[in-house]
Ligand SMILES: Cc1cc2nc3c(=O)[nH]c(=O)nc-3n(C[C@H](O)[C@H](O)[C@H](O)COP(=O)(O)OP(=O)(O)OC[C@H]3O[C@@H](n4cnc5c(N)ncnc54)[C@H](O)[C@@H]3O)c2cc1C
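Heads up, the chain below is alone and in the form predicted on its own; it's given as structure tokens.
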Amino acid sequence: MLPLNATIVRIDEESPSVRTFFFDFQFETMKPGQFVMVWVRGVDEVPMGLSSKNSITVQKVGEATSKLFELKEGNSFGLRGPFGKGFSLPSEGEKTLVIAGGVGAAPLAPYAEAARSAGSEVHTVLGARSADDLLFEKFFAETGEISISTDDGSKGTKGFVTDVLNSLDLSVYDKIAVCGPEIMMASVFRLLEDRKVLERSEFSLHRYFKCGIGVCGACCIDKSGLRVCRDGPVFSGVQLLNSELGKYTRDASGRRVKI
């Protein structure tokens, strides 16, 4: 779609380093897992997952996101999208497992809601560094069962999402959706592969995007050459077999950066 100017109508403080920015436009055709290119004027254009039809959830990690955190209600930023391939929705009666880590909970929140609306039984495993860093906990609890892990043990299971997954019978789930830090996703990937349910899974990757529409090739992943912005950002677990997942990403120049 054509670029648009999005005016901020509300800002929610989700955690000390994460905010949700609601804007005055609804992406009615948005599919859970799709992203938008956000133009932070005078700084950069960066990809952001949609946390609803009219919001992005942002973690303050660099120059562009720091500038976003300076904006107030009534300020604006540019938007292009939505782009990319989202998560596959379950059918009525199927069981869905949502595995969310950190700010990866953002694109999975609308997915959990859509899965429940489709008639699926939803179970979310939500992980974060601490209780204060848990995102959308109440929202996920409203979509179905929720299990929590925190690195410091301040809430739920002390440890990682994989510690929770080890206690579950993963064979009962028809669809498994994963998003979070890549080290976390790589650990989940190996666990799902070991439990022989990888073919039921989908992972949302984050890579450096320049164009966001599949033209420049900056976000191609090894060894398949699939473009994360156009062929993803959501990929099936099978597509990611023998890929760069959990090993390295690339910077703006295309050089490999070890994860």
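Don't overthink the numbering: it's just position in the shown sequence, from 1. Since the structure is predicted, the reported quantities are computational estimates derived from the model, not experimental observations.
If you look for the form predicted together with the named molecule, you will not find it shown, but the lines that follow are about it.
task = Would you check whether the named molecule, in the predicted bound form, lies within 4.5 angstroms of a non-hydrogen atom from each of V46, V58 and A64?
result = Every residue of the spot touches the named molecule in the predicted bound form.
Item checked: Residue among I99, A128, V122, A106 with a heavy atom within 4.5 Å of the named molecule in the predicted bound form -> Comparing distances to the named molecule in the predicted bound form, the residue within 4.5 Å is A106.
Proximity to the named molecule in the predicted bound form, single hit among R230, R207, R195, R200 (heavy atom within 4.5 Å):
Only one option qualifies, and that one is R207.
Check your understanding: Pick from 210 to 218, 22 to 30, 187 to 195, 48 to 56: which stretch has a heavy atom within 4.5 Å of the named molecule in the predicted bound form?
Key -> After filtering at 4.5 Å, what remains is 48 to 56.
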